[in-house]
Each structure stands twice: as C-alpha cells, then as structure tokens.
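Encoded as structure tokens, the following chain is the form predicted alone, with no partner shown.
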C-alpha cells in the first residue's frame, strides 16, 4: 500500500507542475480561441534562462536566477503575440495554428543554438528524501509543491477577486460585448500573455529543479498540458488545473503496471480518448477562463 501511496504523492507533485503549464495554455485558448503550439517553448525558455543566470558571469542562486528568467520569458510571450499572432488574429484560424507551429520550431532551435542539445542540470547534489508517514519526499519536491500552490493561489485571487479577472472572464465570454462595455482588449491581451508566459516559465523552472533540461522539454510537456486542457475542457482554467493533476497521478500510478519509459503514453492515450468520446472535456463550457 505504501508503494501506491508514494506513486500517488509523486503524481500529485508532477500534476501540480502540469497544471501550471495547462492553465496558461487554456487561458490563451479561452480568450483568443486558438491553441498556441509555441506555448511549450516558453516552458523550456523559462528553464534555460534560469540556468543562464546561475552561470558566469552572474552565478545567482536558482531562486534569484528565476526572477529575471520569468520576466524575460514574459517578454518573449508578449513578443509572440505582438509580432506574430496579433497581425494574423483576424485571418483564418489555420493560419494562426501554422504560425504557432513555426514559432515553436524557431524557439526550440534557438535553444539548441545557444545552449546546445546535451542534457543540462542546475547542478543540485542528490539528497535523501524526508520520511513522512512512510512516504519519501525530497526538499526539491517540497519546494515544487509549495511554489505551485503559491502561484495557483495567486491566479485564483487574480481571477476571482480583481477587476482584471472580471475583464478576462468577460472577454472570454464575448469579446465584442466586452468592448462595448468599455473593456480595453489590448490590456486584457497583455495580461493573458504575461500570465500564460509567467506560469509556463515557473513550471519549467520547477520541473528542471527535479529533472534535467533539454531542448525537447517544451514539446514533451506541451502534450501533457494539451491533454490536461482537453480533460478539463478547453478554456476552463480550473478544469485545466484539475486535468493537470489527473495527468500527473495517472502517469505515476501507471508505473506500477508498465515500464516507466512508457508513462508518457498516458498523455497521448487521454488525448485520443477525449477527442473520440468527449471533445468538450469533463468540465467543458461554452465560454472560457471562468
């Protein structure tokens, strides 16, 4: 029983990181009605920029290095919208999709050009896990979980208790009506891209603390975020959050039955099943964000 409880704990920790990826992806979809395939590269850029600031000439501790990394990633997200997506927004949705795929290739290969294709780490030494009621959890995993809860809590406060959150929900429900009511779409667009990029970068840094950095990490985790979005209902932030947790738990529990090398199969399987049997997701809604 302890074995399965340990897998469940690991799944919740992983799922909280996937939730950070998924909420940003679904916020963009909820407001602009397109899936940004370059979203995954924001995950990778956040992680690699933090690595950059931990090395020469900065040598910052990771918790300080993450701050400029998050800011620069947010600027990359804003640049995506300003120079690629905004000029194409009033055209065909397929054009936006193809543009986001092309942008994804560009950003991924820019990482290869700057940092190379080899696996890299933040250089933390392996540590023994802390024993809690028969379960083992490392200090890195505690940090990951605490940070994920903190940032998801901040997102809840923004969406539920601020004018910005009300504006986001209004624009997601009906952009034209929101404009008539005096909501500035440019400000909402700015907020969406900053939040989506910020949460992607936070998730990327937290993931890299416990694993490795490699250029394909963005694409791999984009698929998991996409599965979480489909599971929770495209455009539903809280559905995406729960979807991320479900993906993390399902992946880790599957290790008890299949080889760990195949656990990424779970995300693909859920994507196929959701598209076949419930394309609107478990919590599918007509509007977005919520």
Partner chain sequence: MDYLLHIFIVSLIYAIFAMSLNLELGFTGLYNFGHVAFFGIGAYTSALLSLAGHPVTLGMVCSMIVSGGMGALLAIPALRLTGDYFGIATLSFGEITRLFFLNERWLTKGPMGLPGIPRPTWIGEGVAGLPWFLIFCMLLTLVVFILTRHLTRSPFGRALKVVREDEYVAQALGKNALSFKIRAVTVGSILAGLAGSLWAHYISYISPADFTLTETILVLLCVVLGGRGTNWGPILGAFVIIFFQEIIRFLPIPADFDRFVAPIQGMVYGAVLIILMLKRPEGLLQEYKE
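Just so we're clear, the structure is a prediction, and the values are computed from it rather than from any experiment. Numbering follows the first chain given and starts at 1.
One more form of this protein, predicted together with the partner chain, exists but is not displayed; see below.
Checked against the partner chain in the predicted bound form, the candidates 62, 242, 70, 234 yield a single residue with a heavy atom inside 4.5 Å, and that residue is 234. The single contact residue among 123, 116, 153, 134, judged by any heavy atom lying within 4.5 Å of the partner chain in the predicted bound form, is 116. The partner chain in the predicted bound form is approached by residue 271, whose closest heavy atom lies within 4.5 angstroms of it.
Though the partner is left out of this view, residue 169 does not reach within 4.5 Å of the partner chain in the predicted bound form, counting heavy atoms only. Contact check for residue 249: no non-hydrogen atom falls within 4.5 Å of the partner chain in the predicted bound form. Contact check for residue 27: no non-hydrogen atom falls within 4.5 Å of the partner chain in the predicted bound form. The candidate stretches are 157-165, 192-200, 100-108, 142-150, and the one lying within 4.5 Å of the partner chain in the predicted bound form by heavy atoms is 100-108.
Residues 83, 84, 87 of 72-87 are found to place at least one heavy atom within 4.5 Å of the partner chain in the predicted bound form.
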